[in-house]
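Below you'll find only one chain, the form predicted alone, shown as structure tokens.
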């Protein structure tokens, strides 16, 4: 009954043992000394200018969310394009469906543009 699972169990044991061995060896041979340079915050070589809990404008988050939404929506076009040739018997329906999808994206884009989401003032 457990015969098919033996290779999987051996693999799991090997992975766990390998991870423990790597962590143990790195802990044994490491020389960890806390220095002010190692403890200091590092951001692209630029010294820290302010507090980490600084307030940002809501426009920053709005533009970021809109970018993510439109980016994800356009990523949905890739599987459609891949499957388009394979589903040649309903290709007319697929083209209509994609035009509707792009039209909905366009209406959403015009809506947020008219609402002033892209204005930074």
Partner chain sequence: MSGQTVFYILAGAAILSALLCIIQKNPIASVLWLISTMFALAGIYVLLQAQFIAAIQVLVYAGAIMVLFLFVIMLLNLGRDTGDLRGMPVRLAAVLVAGGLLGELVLLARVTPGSMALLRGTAVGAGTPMASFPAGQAGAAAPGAQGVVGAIAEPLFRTYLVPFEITSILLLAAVVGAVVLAKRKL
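For clarity, a rigid core is taken as the largest C-alpha set superposing within 1.5 Å between two forms. Residue numbers count along the first chain shown, from 1. Here the structure is a predicted model, which is why all the values come from computation and not from measurement.
From this point on, the text means the form predicted in complex with the partner chain, which you will not see here.
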Worksheet item: Tell me, which of 10, 100, 25, 17 has a heavy atom within 4.5 angstroms of the partner chain in the model of the complex?
Response: 100
Discussion item. Exactly one residue in 35, 57, 30, 44 has a non-hydrogen atom within 4.5 Å of the partner chain in the model of the complex; which is it?
Written reply: 57
Worksheet item: Are any of the heavy atoms in residue 49 no more than 4.5 Å from a heavy atom of the partner chain in the model of the complex?
Response: no
Worksheet entry | Interface membership of residue 92, the partner chain in the model of the complex, 4.5 Å heavy atom rule | no
Practice prompt. Answer for residue 39 alone: is it within 4.5 Å of the partner chain in the model of the complex, judged on heavy atom distances?
Written response: no
Discussion item. Even though the partner isn't displayed, in the model of the complex is residue 104 close enough to the partner chain, meaning a heavy atom within 4.5 Å?
Written reply: yes
Worksheet entry | Interface residues of 72-101 toward the partner chain, as seen in the model of the complex [heavy atoms, 4.5 Å] | 72, 73, 75, 76, 78, 79, 80, 82, 83, 86, 87, 89, 90, 93, 94, 97, 98, 100, 101
Practice prompt. Compare the position of the CA of residue 100 between the shown form and the other one after a rigid core fit and state whether the shift reaches 2 Å.
Written response: no
Worksheet item: Aligning on the rigid core, do we see the C-alpha of residue 110 shift 2 angstroms or more between the shown form and the other one?
Response: no
